[in-house]
Structure formats: structure tokens, C-alpha cells
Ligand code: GLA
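Shown here is one chain on its own, the form predicted on its own, set out as C-alpha cells.
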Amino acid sequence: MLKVLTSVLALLVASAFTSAQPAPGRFDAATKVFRLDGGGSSYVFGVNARGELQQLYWGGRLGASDTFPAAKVMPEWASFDTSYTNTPQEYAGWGGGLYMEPALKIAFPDGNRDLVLHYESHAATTNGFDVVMKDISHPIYVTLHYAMDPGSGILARSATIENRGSEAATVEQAAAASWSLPAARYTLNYLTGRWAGEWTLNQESLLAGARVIESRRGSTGHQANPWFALQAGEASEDHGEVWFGALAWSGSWRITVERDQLDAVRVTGGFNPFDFGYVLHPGMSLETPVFYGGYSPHGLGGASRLLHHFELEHILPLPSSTAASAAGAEPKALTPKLRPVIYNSWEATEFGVNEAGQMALAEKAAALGIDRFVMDDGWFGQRKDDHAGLGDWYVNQEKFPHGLKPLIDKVHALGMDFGLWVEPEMVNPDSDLYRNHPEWVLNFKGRPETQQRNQLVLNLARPDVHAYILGFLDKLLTENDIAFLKWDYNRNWSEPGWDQVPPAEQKQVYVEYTKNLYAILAELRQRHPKVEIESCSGGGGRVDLGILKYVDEVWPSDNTDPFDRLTQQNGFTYAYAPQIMMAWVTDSPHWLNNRTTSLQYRMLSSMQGSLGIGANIEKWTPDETSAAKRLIAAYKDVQSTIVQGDLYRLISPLNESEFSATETVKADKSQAVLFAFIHSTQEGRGFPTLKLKGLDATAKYKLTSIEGKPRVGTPEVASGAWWMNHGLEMDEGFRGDFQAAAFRFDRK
């Protein structure tokens, strides 16, 4: 099953990049130099005199006739830093005197752990190359996969590690790729956080040594996200060279960013080697995740815009009507459809769901213009709180005596589709499933089973657990007209044992669990192509380009405080498109910070992503209901621009800024949407003039207020040049604490 899934993934990556443009890859047989071109960038590597694959260039696009000489190995630096270490290898084995982070480390049965990979052969593919390397003595073969997106220049890299020998070998460390940059002064950007405080953008000078960004938790993790960006020199939000990368893996991962003794930089990322071991029996192979990398000469903003469009065009699932053609010869013609505006019942009812209460909420939601009604936790098993019921996925008869159908029918009659919360990978010890199958959880035999949120993690690497989860989800979706699953995952791993397999193979649980998760999601989407899925992990605990191949949206944080969300959403969008980011309007005062904000402020904060309502709307006043209905309608008018357009961060909310502002511009420049926020006005300062970006300078744009007023005398219609150079000045009354405004600009 896993090999089938891998081959399908490879086909989807290749077909996604299919383009009418010329093939991005060229190989010079005389110099043994490979070159890949796409968008505004070029990537060049070659075979050096020792037979290693050596990176030669990564940056702005070169001229079509430009050529590179053959790769030349770097000299040693005294006797302490070998030539093998100093040479920027594409995929270095641990051996031969390597002191940098290896891409691959293998232990052989005789105790040998030396691995030196040399070029064997290559084959051109539709979008790049497959390059085969082999150890100098052992029958270990590594195929490096390169696929360049012709539009963005983003390069997908991964590796297949194969044992063609007669004895087993153990992979102790395996990266997807290594990226190299020449000696220079760089600023490293990466994202960290914690539960309710995700998506903190860290920016620091890259000093000598290694900066390790990782998760050892069994999943991506709130604490760090597998994305990085390196800025050269004085690069900023809008200017300067930026190299960036994102790892497509939802299990434990590690990215190591090293500045070596000669000031060059190497970035290596893939499976986390902590507690890792993958036994390759004769004839077996191991597929690494994909590590995507890109380049922009237009600062961090340019890098994120490239990545956003790439995610929409090549990562996220297609609409069900076009999914059937995804593996054919035609390129993707559509971006994923806009996310429905949702209502989620959690804050209104928590675990106390029942048929009558949910129907009453559905009526209120429909009156607001909501598209999708989602019932959250508490509908199944003996689920009265978080102590029981996980694993028992049958409808609670006390709460829903006639099953889910009456509620679903009511929701449909109100003009909405229906969604449901599930947490398939977890089990409460107080459940029939655990009582019947205690061996199904991750555990070390004879050791305590650590509970978090009163639950344990099912070992999805096991075939029986895989079959159970796929079976009950398939049954749930077959028997009920459900359009959406909010797939939650509310704890990290502990005791990652797997005593169903031999001790030497138990550490493979980190890989097999995640691959089985992907396999279940892929199979569900195939069987139920109209069902959409959200990835949720107590907020942003599992957001990455791996899970995003199978889900339509993510839940970035349990913290829905509208002011906190400005900073979190800012950080999120450096790596992920606004379309992916669910942003809810919830109650005030907010449960986390006890902060009181107006409904308009909360609405505009959430309207910067894919909008949802999670408040207890039963308690809203008539004025709040009317305002929400008006703003939801206004949002739908401009949603495609907000979530699929080009994002410009005009004023950052970082560093305790009093103000923040974002602008998104439609791809054809026909519309722009502007959001402006005040944390707290100080010393009578007015809001800064907002000079827009990305418009057509020669076109005329009409200004319309969504919420708030411009300064008196502001023209209703002006050129793009006016709005970009003169800018928009806010009304003098736009002052105070937690104020917000929004405007749209439409080309005449």
C-alpha cells in the first residue's frame, strides 16, 4: 500500500508541474553539469572529479546561453577541515571525513558506518532529473529526485534510498535534500511558538555553527514549523535576495542550518534522526519527504507570494470536479475553490451538543449567510467531557435519538452543508475500543502509558489500527451526507513503542505512522471526493506541505483573540497562503486574555483569512447580528482577492507596533483589499499614510469603504499611481484602542 501511495505522489508532483513551457532541465554531457530553470531562478549542480554531486549555483535566472564549467572540488582548510566537508555536496553520506550535517547515515551489519556516495547515472524527467548515486563499495543506491516548477522556480527535491545487497542495513539518518549558499552575511527567518502562541517569526543573524529547528513529537509541532528563509545582506520585506524552503512532512522532522568554518551555508532537512532507525532489508527502499526550495529577489514578501501561489496551484487538493484529471497529462487548470464561510458550535455548546440545540444554532447561523454548519466534539460514544468516548465512533443515542440525519436534513433545508468534528488517531482509556484493544496504543511493554488530555495515541503504523480508522470514517461518510471533517489531533507522542514488529524495526514507527495517515486521507478522498477536510492539532500543531496535499484548510491556533491573531496570521503567511488559514470570530471578552473588542474589530481581523464564526451567536444583540451579516456579505464579494491574491504586509504588527496593515491584490490587478488595525493610539499620533503596492499604475481604481472612513477630501477614483505614491490617509477619528478599518479598490 505504501509503495502504491508513493508512486501516486510522484505522479501527482510530476503532473502538477506539467507545463506548455520548455522542459526546465538541461544536462551538459561534456562538463557533467545539470541545470534547472523556472520562473525567475536557476539551479545548477554537477559531477566533480571525485564523482560527488556538487551544487554550483542557486539564484536569479541565468541567460539561456550561459554555461558552467565542470564542478571543481573545494580544497581542504589545513588538515582539520577536509575537502569532503568543504565541498557543497547535494547529498553527502556520513563518511570520508565529513564534519557537516550528513544527508544520509547508514549502519551495516559488520559495524561499518562509512558511506561515500558517487554519481552512477541519471534520467531526464518531465520537470527535471532523477540522479542515481551509489556507495563506493556497498550496494546502497540513492536516487535524487529534482522537479522544477516552470512558473515559480520552486524546486521539489527528495531521495529514494535502496538496498540492493544481500544483507540488511539500518538507515540512522535520512534527509530529503541539502541546500547550499556561498559565503555571505545572512539573516535566518524561522517560525516557533507554543499552544495558543504559534507562528512567531524569528529573525536572527546567521552566526558560525548550526541552528537546529525541529520537532521530536511525532508530528509537526506547535513549537517549530518546517519552513525557513535566508535573507542576504540588507534584504527586507520588499527588497533583496531571499532563499526559502519548506519540508513536506507531518511527522518528526529536523532542519539544520549551518554556517561552516569558511562562512558558507548549508541547509539539510528531512526525517528527525532522534530515536530514528529504518531497517532496509534486501530489496527494500525508503522514500524521504519532499523538501521544496525557492528564490526571490523581492524580499520576504516576494518569497511568500511565490510560495502562496505554488501552494494553491500545486499542493492543495483540486476541486472534486477536476480531481480525476490530476494524474493525466494536462497541467492543473484550477486553483482550489474558496473556502465556505463556516459556523462551528464549540464555543456555544462545548460537549453539551444535542439535536434541538444544534438545530437552533443552525437557524441563527443560516440567517447570517453562513455556508457550512459544523458540529464539534461531544456527538459520539459516551462523550460528556474529555475523559471518555474517544475511539467509540457511534452516534450518542441520548443526544441524537434518531441519528444525525434529522440534524443534517435541517442544516440542508437552511441552505448550508454539514460538517463534523472527529479525532480519529486518539483513544480515551475510558472507551470500549481501549478496553478491547489496549495493545493498539503507542506504548513500551511493561512501562506506564502517559496520558495527555486524558487520552492516548493509537499506533497508526499497525495495519489493524489503519484498517479500523479507515473503516469507521468510511462508514460515517457513507451513511451520512457529510461535506466536511474537522480532523483534530490533540496531543503529542510519548512511549513510541511498536512491539508488533522486531525490536530492530520498532523505530520505523515514525515513518510508517505518518505514511499510513497520508494513505487514509488519500483513500477517503478517493472514496468520497466531495468531502473536504481540515487539519487541526490543538491549533497549529500539524501544519506543513505534507498534510496539505490531503486537506483543504488548517486550524492555525486555538487562540482566536483578534489582536493576538494579527501577529499569528502575520507569521503564518510567511509560509502558508491565507486561503489555507481558518480565522474565526469568537466571543468577547476573549477566554484567553479577557480582552474586550468590538464585533467589527473581530470580524475584520478574521476576514484576512478564510472566515469562520465560532461565537455563541445565541447571545448576540440584534445590532451585532446585523453587522455580522453585512460584513459576511462584504467578505464574500472580495474573498477571492483576500485569500488567493498577492499579499503585501504594509505595516507589520511585530515589535509592539501600535499599527498594522495588510493589502491583497488580485492576480489580474483588477481589485485590491486593504485592512488597517490600531492596537492603541499613543500621544495623539494619527494612523500612517498607507501607500498601496502591486496595482496597475496606469489604471483607475474606485475606493469603497467596507468598514471605516478615509480622510475627508480623499478622491473616490484615482490612478493606481496615486494610491501607490500618494497613498490612502485615514479619517482623523481613526484613533483609540483596538480599532479596525477595511477598504476595497476596484479597477474602473
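All values derive from a computational prediction rather than experimental measurement. Just count from 1 along the sequence shown to find any residue number.
As for the form predicted together with this ligand, it is not shown, yet the points below apply to it.
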(message) Can you tell me if residue 584 lies within 4.5 angstroms of this ligand in the model of the complex, counting non-hydrogen atoms only?
(response) yes
(message) Within 4.5 Å, heavy atoms only: does residue 302 come near this ligand in the model of the complex?
(response) no
(message) Just checking whether residue 162 would be counted as a contact of this ligand in the model of the complex - the rule being heavy atoms within 4.5 angstroms.
(response) no
(request) Consider residue 346 of the chain shown here, and say whether it contacts this ligand in the model of the complex, taking contact as heavy atoms within 4.5 Å. (result) yes
(request) With this ligand left out here, work out from 249-257, 662-670, 294-302, 370-378 which stretch has heavy atoms within 4.5 Å of it in the model of the complex. (result) 370-378
(request) Consider the chain as shown here, without its partner, and state which of 153, 614, 539, 102 has a heavy atom within 4.5 Å of this ligand in the model of the complex. (result) 539
(message) By the heavy atom within 4.5 Å rule, which residue out of 486, 528, 649, 462 makes contact with this ligand in the model of the complex?
(response) 486
(message) Where, within 126-160, is there a heavy atom within 4.5 Å of this ligand in the model of the complex? Residue list please.
(response) none
